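What follows is a single chain, given as structure tokens, in the form predicted alone.
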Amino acid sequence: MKKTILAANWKMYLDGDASIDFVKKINSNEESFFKSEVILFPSHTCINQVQKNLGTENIKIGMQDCDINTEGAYTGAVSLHSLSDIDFCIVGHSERRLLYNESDEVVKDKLETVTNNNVSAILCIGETKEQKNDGNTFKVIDRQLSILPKDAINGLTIAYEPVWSIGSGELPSNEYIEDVLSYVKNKLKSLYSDEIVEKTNLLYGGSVDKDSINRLLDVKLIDGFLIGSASADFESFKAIAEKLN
């Protein structure tokens, strides 16, 4: 049976000491995470220390973002080659799109960089409140998925994160999420074989916490969750994981 994915996007919530303390608590409570496929996304500067202190090989490590380039004169950029043993990289998170003005073309280039370097990509998609209210949700999703290449991407995960739900406590209905994920799945079927589509995991993100997880688990198309602030608090993250046991 496929495990539910719990992708913990720590953003800038945890510094080095807090990140080490978090993984040490995971080491001491490993049984709470047996039913999950856990992926931790620490700040870039904390990844090496997290790797060194993590006492289990069952938990994967990813980058929250990466530069399009892998080497060269790019001051302040972080390359996939800067860190070793990275399993995943998030691409196109709404905060990158909105706060750093990353266009679909930039997201496309980053996706290509990640996949060409044998790292699994989590591609984030989702609409703003204004786009939702204007009835343009599927139009936005279609545009964001148009960057996918014709050739299938091995290990691709797509995370649907309605921008208006992230950090707001405002959760879409299960029917709304189901409709969007069905649309995503049908889009993938138009591009790739059924076998590839079945291997592509679909995550949900946006106000996921120990209370909302109960309802969200009823959405059959959800393969896992991309969790923000609730994943940076150990007791909260543990409570979410234990809901899966």
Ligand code: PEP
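Predicted model, so just to flag it, every value in this text is computed and none were measured. All residue numbers are counted from 1 along the displayed sequence.
If you look for the form predicted together with the named molecule, you will not find it shown, but the lines that follow are about it.
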Is there a non-hydrogen atom of Ser229 within 4.5 angstroms of a non-hydrogen atom of the named molecule in the predicted bound form? yes
The named molecule contact in the predicted bound form: Pro149, any heavy atom under 4.5 Å: no
Distance check, Ile166 to the named molecule in the predicted bound form, heavy atom within 4.5 Å: yes
Glu127: heavy atom within 4.5 Å of the named molecule in the predicted bound form? no
Looking at heavy atoms inside 4.5 Å, which stretch does the named molecule contact in the predicted bound form, given the options 55-63, 180-188, 205-213, 38-46? 205-213
Within 4.5 Å of the named molecule in the predicted bound form, counting any non-hydrogen atom, which residues from 82-102 show up? His93, Glu95
